[in-house]
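Laid out below as structure tokens are two forms of one and the same protein chain, each shown alone and named structure 1 and structure 2.
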Structure 1
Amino acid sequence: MEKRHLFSLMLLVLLAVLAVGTVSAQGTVELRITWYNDGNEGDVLRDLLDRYEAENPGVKVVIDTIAYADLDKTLQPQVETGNAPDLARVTDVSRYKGYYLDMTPYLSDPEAWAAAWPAPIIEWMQSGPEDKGLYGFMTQATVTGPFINRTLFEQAGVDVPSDSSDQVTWQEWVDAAKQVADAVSAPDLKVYPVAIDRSGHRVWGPALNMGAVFFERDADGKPLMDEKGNVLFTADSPGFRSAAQMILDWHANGLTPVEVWAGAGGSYASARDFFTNGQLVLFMSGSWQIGAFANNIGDAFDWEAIPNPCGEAGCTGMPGGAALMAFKDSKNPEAAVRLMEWLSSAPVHKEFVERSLFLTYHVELAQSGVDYQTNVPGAKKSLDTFLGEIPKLSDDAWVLQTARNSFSLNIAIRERLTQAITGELTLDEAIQRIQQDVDDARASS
């Protein structure tokens, strides 16, 4: 009898615990964010979310952080099988169109939301001209552009070309950087004049400035597209040939560390470590490097971003960035949109970009300015330089960035140029293969 009573008591306690747990689970809304990190922004976000959770006791926000390289491999199956997270930070915004949550019915003031972000950003997230939905916001803006090691220029006694001219060409920069590298290189420390990230995206800016035409426009000035909405990319133009030949020459003449393009196999690679180690005079990359440079270089030497080198067609960089998008699979769309509103509000977003050292597309903050929280002079100066690059971004650069099939051009340029660098293909063959690759990708999309 006693045993039976004990068993009944235990059963009751178990049921009571389960009941309390269920009530608690029912009373709390859990939101999940799929996230990746370039620098410290994950920590900043967690800090902000802790504050949000304290202000909203019924909400718990979980950040699922994954490596950038695995972002789309993880997200695509989730999204397509109806298991998307509530929110996700994505760079390939076009990829998940049709799966985003239109936040309009849940937003307290949709017009204010739309007015807070530049029209091209809102349109980038929409499926077409008829689509008026609001789907997310940019957690950061990025602009491609070069960095220089000013200390090396000073040690070599070479003038920094941009100090005396607003429009410096690539040739002028490379000539100056070569002088610097020759002067400061030592037997035990090879300094390279120039390097560019192994990415087609990084090549687009210099190519556009040299007159590359990656697509034709119709009579209305819109890029020519196929019926699926893919831009009809063209690889062969004198401007692109010039840019590609320039990069080939850097490799052939030993001006750049070969391992960045030739040693990375089939993936993106950055020359960041060479710059951080003081082995690089000029590094073509982008604004997202600032946080890492502030942490890893600090004031060990003087570094700064410089305006994009110019060509006969302009001085543009490439826009870009990472967006926080809401997905329509969310079980708690209202709570997800409340969180989006809070994160994108001017004061919160201001704190996020100030602490993460990110540029922003937020209209109000772009006008009022942000006070970046760093004591590293190079970081502040670089952020100012990149802010100054945003108005110079060309229309073609925006089309390249926002086209749904631009990834194919990015990868094709990266892989085929590498084959030209290693001698597997001539430049002519590489350009033919780039064209074939983007056409094949369009056909199979």
Structure 2
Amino acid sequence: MEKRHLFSLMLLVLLAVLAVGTVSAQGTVELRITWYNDGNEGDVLRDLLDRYEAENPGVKVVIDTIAYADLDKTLQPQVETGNAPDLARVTDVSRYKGYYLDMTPYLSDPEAWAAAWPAPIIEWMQSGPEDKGLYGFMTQATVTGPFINRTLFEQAGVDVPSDSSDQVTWQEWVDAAKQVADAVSAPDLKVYPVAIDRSGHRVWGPALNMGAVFFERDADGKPLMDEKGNVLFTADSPGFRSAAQMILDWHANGLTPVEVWAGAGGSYASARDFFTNGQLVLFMSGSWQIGAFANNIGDAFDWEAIPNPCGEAGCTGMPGGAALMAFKDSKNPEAAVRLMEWLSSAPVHKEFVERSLFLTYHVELAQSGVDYQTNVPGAKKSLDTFLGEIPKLSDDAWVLQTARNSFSLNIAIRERLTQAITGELTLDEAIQRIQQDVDDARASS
């Protein structure tokens, strides 16, 4: 009886050893990253990940690439049903608070991680003052601002306004761009003076410069919030009306391609293709376009970023960026954090931003500088221009970017302004709907 028991026990041990051996042989850890691309950064990431996999043969990293317009539509239901990827590249950082993985227990040096990034960036990812967790890193810093096709200005014989003044208004830019478009348009090539991405976020900068007030401040200068930490947004102000009316006028007067705002089917849309194809004089977008322009335009024509147009309240753009975040649903949290540490390390992150032509918030790289890998003059000049825009960013711009409920305002402006453009709503009605939308979103958060 004892011999049979001993034999059974040995057999179980042997089977367990064989099972472990099988897992070791076949159980490569697979990490999945949900990702979108603005330019060539997906190719750069894949190259870096191939290197990581070679150095870590037990890890395989799969990139699931989707269109930016589909990012939150795809990611949010996954997150809310417990099926989040291990990591995802997000721009609406506040949307998924509560679902992120606190990397602190897995980080080799949490203090060094936190010190590598500006405090406002770390705080942006946390759920409140009591939250001391560490959740991800910014793959890129961004600043909104316009680009121009300088070649079209030269062909039209029109002076570039920013060559003679560092404070040019939107009206001055549009007037100049219209002169250019009228001079260079041909029967077989329609050139538009101006376009802006279909995004409430892209409207914020011009509106702030025109004096828009999107929230009130308390006696200490902090934005007023409800008990949940949501900013109390307000839609109606003279500055916002001026910016909205400007965009409505662009459409009414045929100055902008109607497809961008009126043909986007209820989502974000960009006028990038019009600019790339030489059909747009001035394009309001942001620094994330530089990599795509360097690849798709190159030196086909002279292009560059220009300083943000000014208004009575300032010359601010909008800060922003994309963050790579780990999710607590990950089946392999330690492996996910090891990868995050490697990608965010100064040498690797430096290579990523240099090759993808992105700005960075990394403290060490901001001090030491980066050597962008491009011979395209427009890319080099644009990077310098956007770096110069960072000190001009207003306090209100940072609040709009980092408030936990700010994307409700972004989406409301995008959707309701579109309805005003297509004639479904008057501007007054659109502003009323924007206010109702943000109030409803705040109440349900």
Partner chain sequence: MSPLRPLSRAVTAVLGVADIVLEPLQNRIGLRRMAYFFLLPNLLIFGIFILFPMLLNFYYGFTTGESILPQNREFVGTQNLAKLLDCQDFRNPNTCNEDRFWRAAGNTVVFVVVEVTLIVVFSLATALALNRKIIGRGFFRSVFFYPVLLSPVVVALIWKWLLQQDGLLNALIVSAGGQRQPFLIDSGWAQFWAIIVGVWAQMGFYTLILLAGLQSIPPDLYEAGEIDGANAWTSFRFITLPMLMPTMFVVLVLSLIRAVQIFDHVFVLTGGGPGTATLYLVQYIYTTAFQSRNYGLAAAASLLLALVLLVLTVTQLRLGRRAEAA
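Since the structure is predicted, the reported quantities are computational estimates derived from the model, not experimental observations. In this text, rigid core is short for the largest set of C-alphas that superpose within 1.5 Å between two forms. Each residue is numbered by where it sits in the sequence of structure 1, with counting from 1.
message: I need to confirm something. Of structure 1 and structure 2, which is the form predicted on its own?
response: The form predicted on its own is the one given as structure 2; the other form is structure 1.
query: Treating the chain as two rigid parts, how many degrees does the smaller one rotate relative to the bigger one between the two structures?
result: Interdomain rotation between the two structures, rounded to whole degrees: 13 degrees.
message: What does the CA of R51 shift by between the two structures after fitting on the core? Give it in Å to one decimal.
response: That residue's C-alpha is offset by 4.4 Å.
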